[in-house]
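Next up: just one chain, as structure tokens, the form predicted alone.
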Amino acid sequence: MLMMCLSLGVLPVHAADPVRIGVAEALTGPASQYGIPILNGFLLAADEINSAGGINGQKLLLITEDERGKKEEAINVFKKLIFQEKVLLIFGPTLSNSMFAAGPIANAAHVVAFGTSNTATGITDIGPYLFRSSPMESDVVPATLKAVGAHIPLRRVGIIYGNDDAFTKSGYDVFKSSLQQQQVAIADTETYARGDVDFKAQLTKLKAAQVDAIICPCLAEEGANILIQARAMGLSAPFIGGNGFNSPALIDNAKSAAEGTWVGSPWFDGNAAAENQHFLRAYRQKFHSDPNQFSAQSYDALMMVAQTIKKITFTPQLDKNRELLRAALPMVSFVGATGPFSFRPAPPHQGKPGGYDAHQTPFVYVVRQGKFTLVR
């Protein structure tokens, strides 16, 4: 009888049973520079929630899996969390590429997949069970370009991006559209393939184009190599990055080559709001290091999910509880480490309902003296 109940998505629920939350993040491999801070944010939030008595008397239990930043692993991990671990929802995966691969699994199973670091256009087109607290590049990029243009002239720019990666390709599309809207000419566009480490040929062409700035919607690892090689060959134009540049790894790896680089972000560590100051103190105390945007976003995400779950009356049916959460989550109105947050529905895609995107105002930084410094 118990096996039959499990197969139907029916679980006996007791007050002491934990709320099982899936976490699928890249904890090894290159994308772990994002995935580990994300996991830290979840761990901190879970500790605080459980120390305060849990949610309506139930503790949170994080079921964590390493999807390694790989599409195939993300698919396997999602299947395991949904069908074997019987989680209420899944946070992750880390990269947009992985969400495009694994998100349809969750949507078909009617399980919320909640991305905290996915910014590529089209993520929430997958379906109504896709949520993300990471503002899209299409929200952040126009604000970034506007802020940069207020400090330096932007008449002609060059672009370098990876054309075989969903995140970098989406970033390129958004930058291109935003540049056209702001009447900034694109003098040259260069591409590379994932895994490339030598960018001198592309940078030589960008240098010859004599541009005011170089747009680089790249991940931090590639971006650091591009910055180092650009400065070594005397290319002095400032770089403007997308969300992939929002990592201490960019500055740690590029060192002085990162100076003068611009980037937009939904989080500012210098925000004096009480919610952010609490997060900073708690994170430093627990992990003995500074948080970044990705840990702030994951911390807020779990907090807002906990806030939502408190308003739900659970039933003995896991499938029903998953549906109740999906129905309640869009009504979130939350203020956390990243500031005020709410969801907005994505437009229908191909006649089918979409998911929910972040509605949030970004900050804009420039790297000065080895630190991300707020300019807006």
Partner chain sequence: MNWVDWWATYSTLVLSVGVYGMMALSISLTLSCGLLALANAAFMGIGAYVSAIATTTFELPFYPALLLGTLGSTLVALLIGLPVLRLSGVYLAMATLGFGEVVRIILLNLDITGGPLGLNGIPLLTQWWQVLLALLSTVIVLQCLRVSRIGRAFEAIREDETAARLMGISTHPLKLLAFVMGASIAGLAGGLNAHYTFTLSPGNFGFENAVDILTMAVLGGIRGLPGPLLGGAIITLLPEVLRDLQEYRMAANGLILILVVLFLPQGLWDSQRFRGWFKRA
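By rigid core we mean the largest C-alpha set that fits within 1.5 Å across both forms. It should be emphasised that the depicted structure is a prediction, and the values quoted were computed from it without experimental measurement. Numbering follows the first chain given and starts at 1.
A second form of this protein, the form predicted in complex with its partner chain, is not displayed here; the remarks below concern that form.
Contact annotation: residue 315 falls outside 4.5 Å of its partner chain in the predicted complex, judged by heavy atom distances. In the predicted complex, residue 154 stays away from its partner chain, with no heavy atom inside 4.5 Å.
Shown alone here, residue 165 lies within 4.5 Å of its partner chain in the predicted complex, counting heavy atoms only. Using a 4.5 angstroms limit between non-hydrogen atoms, residue 342 is distant from its partner chain in the predicted complex. Taken together, the three residues 75, 97 and 120 all come within 4.5 Å of its partner chain in the predicted complex, as judged by their closest heavy atom.
Note on the interface: of 296-304, 174-182, 98-106, 263-271, the segment with non-hydrogen atoms within 4.5 angstroms of its partner chain in the predicted complex is 98-106. The contact residue chosen from 80, 286, 278, 110 relative to its partner chain in the predicted complex is 80, the criterion being a non-hydrogen atom within 4.5 angstroms. Along 23-43, a non-hydrogen atom within 4.5 Å of its partner chain in the predicted complex is carried only by 28. In this overlay on the rigid core, residue 272 has a C-alpha that sits less than 2 Å away from its partner position between the shown form and the other one. Comparing the forms between the shown form and the other one on their rigid core, the Cα displacement of residue 164 reaches 2 Å or more.
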